[in-house]
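First, one chain by itself in structure tokens, the form predicted alone.
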Amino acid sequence: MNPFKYGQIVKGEDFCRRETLEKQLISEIRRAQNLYIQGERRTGKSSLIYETVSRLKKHRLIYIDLLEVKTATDLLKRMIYALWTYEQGVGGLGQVFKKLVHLRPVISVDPVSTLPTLTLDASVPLKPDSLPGILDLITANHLKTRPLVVVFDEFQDILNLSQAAETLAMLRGKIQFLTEIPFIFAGSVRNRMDHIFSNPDSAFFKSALPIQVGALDRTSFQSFISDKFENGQRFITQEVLNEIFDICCGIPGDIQQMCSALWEVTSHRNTIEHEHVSVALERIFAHESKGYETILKVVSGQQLQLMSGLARFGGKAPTSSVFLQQSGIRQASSVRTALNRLIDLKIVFHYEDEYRFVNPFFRAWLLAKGI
């Protein structure tokens, strides 16, 4: 069985330990400190949070995913569904049904999964001023014998709301009095998270302790990956491990995806070498090529030219005269305009002193196709 998992929360033996971070999180959670966790996409923030809370045997987790949330109604529904999911796990479905009676909930059984599902009456309006009441429903589950941890993942997307400032103010106004419950705000877009927690005009200014989650230690993670292959009677060379980490820019989720593809294109007792990497990439391209082709359709000619230049020459100095000459783009101002658009489209992002592709396999595809 393929031991590599990606695109989901990983737990237990599938989780590569981050002992220092885990110890810090455990300490802060135990003293009910609110936390602001920043890390780029697919660095394992959510898995780290889940695994850490699981080590605190008495604590329970309510997980609210705000990825691409667009409206106040959407935000509040996600909070309600998070409570619903939590109470399913602790046998409180009847209680949550009663608490949400004003929203006219309907409990039914999904015909495919056979699991209970919750539907709310779409005609009942949900507004930012409903936030305190819904937080009260969530925090009512906090008990000394069963302390609660509340997580807002991809928290920066709350800025998508037209009433973002008002919503943040209401959320902060309620949370600041819930001093026994640790709230964890995790995000993957640094400038937007900084706007929420570092801007003096924000309601959340300095309201949580910042913790940075970066790439895993290369040596320990390579050992983790190598052991996974060896346990399945496959063997990987150090050179190939280095190649994988370079292709994936050290991002754990992308590395796991690459290793999963390598597992699928190799056999029992194989030694995984350079030629297998190309075959594994082709397998990934086959699954993702429609998405890549869609990107080519929505970008302009100059944006495509810039993507090609970033793929071939890197993104450390895209407005330099050397990059302009190599990429064939005439003016630095054109690069800046194109970069801003590619960032808006979530094709590239700014990381430390360079611009990187959000999906490193898209970069590899551009190079493989000679685009």
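Quick caveat: nothing in here was measured; it's all calculated off a predicted structure. Throughout, we count residues from 1 along the sequence that is shown.
We do not show the form predicted together with a small molecule, though everything after this point is about it.
In summary, the region of this chain contacting the small molecule in the model of the complex, judged by heavy atoms within 4.5 Å and restricted to 172 to 180, 131 to 139, 78 to 86, 250 to 258, corresponds to 250 to 258. This chain is displayed alone, yet in the model of the complex one of 30, 41, 330, 346 has a heavy atom within 4.5 Å of the small molecule; that residue is 41. Put simply, residue 303 is far from the small molecule in the model of the complex: not one heavy atom of it is within 4.5 Å. Under a 4.5 angstroms non-hydrogen atom cutoff, the small molecule in the model of the complex lacks residue 168 among its neighbouring residues.
Residue contact with the small molecule in the model of the complex: residue 21 places no heavy atom within 4.5 Å of it.
The shortest heavy atom separation between residue 34 and the small molecule in the model of the complex exceeds 4.5 Å.
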